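To begin, one chain is listed below as structure tokens, in the form predicted on its own.
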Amino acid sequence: MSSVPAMHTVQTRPRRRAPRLRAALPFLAPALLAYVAFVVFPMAESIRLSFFEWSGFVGAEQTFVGLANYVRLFTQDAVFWTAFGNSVIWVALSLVIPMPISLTLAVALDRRLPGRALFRTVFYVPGVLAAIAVANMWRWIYNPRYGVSEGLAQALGLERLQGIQWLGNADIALFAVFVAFVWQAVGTNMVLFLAGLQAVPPELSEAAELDGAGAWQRFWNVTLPSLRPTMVVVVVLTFIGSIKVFDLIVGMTGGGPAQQTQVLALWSYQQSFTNHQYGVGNAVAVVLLVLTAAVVVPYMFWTARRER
């Protein structure tokens, strides 16, 4: 008996959605037009140009070359694979290092502590700074002659850390830039986790405490599962932000030394606007788009399913 109304609901749901969609279209039209003009069209144009050879100059002929730009990327462009590997390392480190730090800070600052608002502000401020300003600040910190890192090494008598070319050494430059990224990203993720912690019912933790659960057990079995939706959002946003990292690399190393801090977004820019190879540059951008879509599209389906 109960299956009949369920089937009726499933069959009539699309019919009910159609009038609602038609009623909403006039209100959605301006935003939809702007989205098509400023997002969909440039994206489609970038994909089209990836199949052409073009210098980017006005009046220069665009020559169709098919998949030649992609073949060149995957078989002849060593810098592309360096950039690809660095982007993968950057994304992996972004998911492993800043997130636990942000979660720890959020849990600590979710408690009633003196100066809690001040600490929240201090940790969040780096997140609102322009990436290029953060890059300039950390270039000064890493300066081997008058930077803060050199001053600390001399003051503490750490001879092994004195005179190090943090941004000039090909073995450590990428990780030195990543430290600046962590400094800037931790605060933003902390705010997201704090918002998620506010939604955790305190009754759950209190009930677990009455059952004899310790602080770690309450965090592991109550708080962390309740933060799962927030965790997914933070992971997706962190992935998107880290796979297209650009400003920090440009401001601190420009991709050097010897292309060892090169990443996909910067290589796409340099191929297009520095080397005037728009076809190859857009092919790199399309690879970046595919990698991003591989994470964002499943997330969108997951979000839509939760909203039903």
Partner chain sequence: MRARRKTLISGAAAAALLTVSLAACGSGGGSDDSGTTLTYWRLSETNEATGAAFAEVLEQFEADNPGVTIQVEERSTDGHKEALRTALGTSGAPDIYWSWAGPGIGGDFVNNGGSLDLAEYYEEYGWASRFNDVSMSSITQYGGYDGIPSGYSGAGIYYNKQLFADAGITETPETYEELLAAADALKASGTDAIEFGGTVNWHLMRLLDNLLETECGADTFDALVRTEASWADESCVETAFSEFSTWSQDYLIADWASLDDAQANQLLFSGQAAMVIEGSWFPQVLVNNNVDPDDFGVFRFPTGTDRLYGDTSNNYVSATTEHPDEAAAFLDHLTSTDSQTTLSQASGSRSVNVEVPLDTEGGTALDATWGEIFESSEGLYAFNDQNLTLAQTTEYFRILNAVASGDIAAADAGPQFQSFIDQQS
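Residue numbers count along the first chain shown, from 1. Predicted, not measured: the structure shown is a model, and the values here were computed from it.
Separately, the form predicted in complex with the partner chain exists; it is not shown, and the next lines address it.
Contact check for V79, W140 and L167: all three have a heavy atom within 4.5 Å of the partner chain in the model of the complex. Contact annotation: the partner chain lies within 4.5 Å of heavy atoms from the stretch 256-264 in the model of the complex, the single such stretch among 256-264, 44-52, 62-70, 237-245. Contact with the partner chain in the model of the complex, defined as a heavy atom within 4.5 Å, holds for exactly one of P144, G127, P100, P229, namely P144.
In the model of the complex, no heavy atom of V39 sits within 4.5 Å of the partner chain. Residues of 242-276 lying near the partner chain in the model of the complex, listed in sequence order, are A258, Q259, W267, Y269, F273, T274, N275, H276, the criterion being any heavy atom within 4.5 Å.
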